[in-house]
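First comes one chain, alone, set out as structure tokens in the form predicted on its own.
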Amino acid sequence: MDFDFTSDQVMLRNTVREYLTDKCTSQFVRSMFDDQAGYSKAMWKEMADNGWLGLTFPEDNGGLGLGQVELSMILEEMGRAVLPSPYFASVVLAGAAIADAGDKAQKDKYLGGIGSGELIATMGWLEDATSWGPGAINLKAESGGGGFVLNGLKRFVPFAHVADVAIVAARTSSKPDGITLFAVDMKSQGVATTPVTNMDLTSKAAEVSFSNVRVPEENVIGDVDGGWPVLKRLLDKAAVSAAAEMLGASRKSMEMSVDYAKVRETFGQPIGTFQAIKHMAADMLVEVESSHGAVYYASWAQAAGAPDASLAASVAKAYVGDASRKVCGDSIQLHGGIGFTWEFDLHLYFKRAKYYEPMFGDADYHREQALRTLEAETK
């Protein structure tokens, strides 16, 4: 069994790392803190020209037709660089939902635009309850007038302030899983966005309110009342993708710590020669490499349609969530006082990992999902 990446995958990873090392410097990342859009339109176009935005979309829709393994490789590099961009919102969430459940007309309408960078999409999922189950979705969609009317509020909608279209999960029946997905034009009358500030200042988000927003019937993604299975599959993909970004942030933090331990001297010798620092660095390596294994096994399982793909996604999100908190936190501790300063870059990686820790289910949620799956298999 060969666990190595293929030469094409290695070339893709190296290309992405080289590009981001050159373009996404810490100075650029910091410049996006207070930028209204929160991303570079020039970089977005270059990412589209490189094929990153259509990486997993069907070739018939202008994509490259690649899978979750390649997507995770790109996302790991984006986490490593703390890239500020609507990539996760537009490609990993909204684009994936359309590619999964959209009809031909919807794929033709949206995927080409997302892949070319001309269209930015996002996804409205969370509301007031901190739950990822169907019971937490209460935004109402009532049929009438040849379509539906939406009323309610979505929270933490990533990059909603620059999105052209949002895939919105709404309740269309009183059944527990009576959820429907809609493609909503963000310029529709009744749609309003209010920016919110995250711990990670590079991950822009907004509250989006819907007041009597009319959506034509052809904008239903998938089947009416059939949105929950799509969301469940998307939750697994998003969990693995978020874990990949956290892995990138953790790996970069570890590398910075090891480099620092080699040059920072006290009592006349590098701190890396002390046993306590060696043990801390060794623990970081174990956590990072174990996270690597969890992320890429889950990515392979999804791409291959393996029976344990959902279980692997929960294992990856739970493990990497805990591991990234420890690695990024220990990195700050290892650096001593400088690790806490605003001017030093470590907090960028810590906050990127922290942003994704609760998103798409925290470690406790996914441990419970894994337990439920294993219990079901033993019955």
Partner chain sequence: MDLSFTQEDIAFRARVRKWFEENLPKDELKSLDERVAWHRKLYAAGYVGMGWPKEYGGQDARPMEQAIVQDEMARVNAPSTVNGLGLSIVGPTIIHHGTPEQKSRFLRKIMNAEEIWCQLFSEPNAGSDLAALKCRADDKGDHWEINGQKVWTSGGFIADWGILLARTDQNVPKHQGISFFLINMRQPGIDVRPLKQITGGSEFCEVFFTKSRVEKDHLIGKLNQGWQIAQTTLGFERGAGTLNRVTTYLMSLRRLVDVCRSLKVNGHTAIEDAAVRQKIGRAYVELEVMRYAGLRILSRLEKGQRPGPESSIAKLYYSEYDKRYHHWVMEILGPYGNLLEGTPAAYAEETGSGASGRHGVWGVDFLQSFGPTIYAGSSQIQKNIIGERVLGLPKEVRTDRIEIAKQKGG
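Residue numbers count along the first chain shown, from 1. These numbers come from a predicted model, not from an experiment.
Although it is not shown, the form predicted together with the partner chain is what the next lines describe.
- Proximity to the partner chain in the predicted complex holds for none of 12, 118 and 343, with the criterion being a heavy atom within 4.5 Å.
- A heavy atom within 4.5 Å of the partner chain in the predicted complex is found for exactly one of 149, 99, 224, 258: 258.
- Proximity to the partner chain in the predicted complex, taken as a non-hydrogen atom within 4.5 angstroms, holds for one residue of 32, 348, 315, 47, which is 315.
- In summary, the region of this chain contacting the partner chain in the predicted complex, judged by heavy atoms within 4.5 Å and restricted to 192-200, 270-278, 173-181, 231-239, corresponds to 270-278.
- The shortest heavy atom separation between residue 136 and the partner chain in the predicted complex exceeds 4.5 Å.
- In the predicted complex, the partner chain stays beyond 4.5 Å of every heavy atom belonging to residue 187.
- In the predicted complex, the partner chain stays beyond 4.5 Å of every heavy atom belonging to residue 156.
- For residue 364, a non-hydrogen atom is located within 4.5 Å of the partner chain in the predicted complex, even though that partner is not displayed.
- With contact defined as any non-hydrogen atom lying within 4.5 angstroms of the partner chain in the predicted complex, the stretch 330-345 contains no contacting residue.
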